[in-house]
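The data below hold one chain only, encoded as structure tokens and taken in the form predicted alone.
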Amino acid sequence: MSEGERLYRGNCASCHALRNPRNYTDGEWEVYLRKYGEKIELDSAEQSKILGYLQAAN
């Protein structure tokens, strides 16, 4: 499991069911991550790792 996937699972699943990365485009993931990443106080490096994982998996 990549660090991005680990961060995604560990942070995002605490509030809701995990979304399949294939259900969203790269741009949509950027918007979601910007919005919710700030809400749960992810730093920019963590956000980048999660975004990299999501975009590679979609």
Ligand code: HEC
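For every residue, the number given is its place in the sequence shown, counted from 1. Just so it is clear, the structure is predicted and the values come from calculations on it, not from any experiment.
Below, we turn to the form predicted together with the named molecule, even though it does not appear here.
At a distance threshold of 4.5 angstroms between non-hydrogen atoms, Y8 is in contact with the named molecule in the predicted complex. Put simply, R22 is far from the named molecule in the predicted complex: not one heavy atom of it is within 4.5 Å. Shown alone here, S44 lies farther than 4.5 Å from the named molecule in the predicted complex, counting heavy atoms only. Contacts between 32 to 52 and the named molecule, taken as any heavy atom within 4.5 Å in the predicted complex, involve Y32, L33, K35, Y36, G37, K39, I40, L42.
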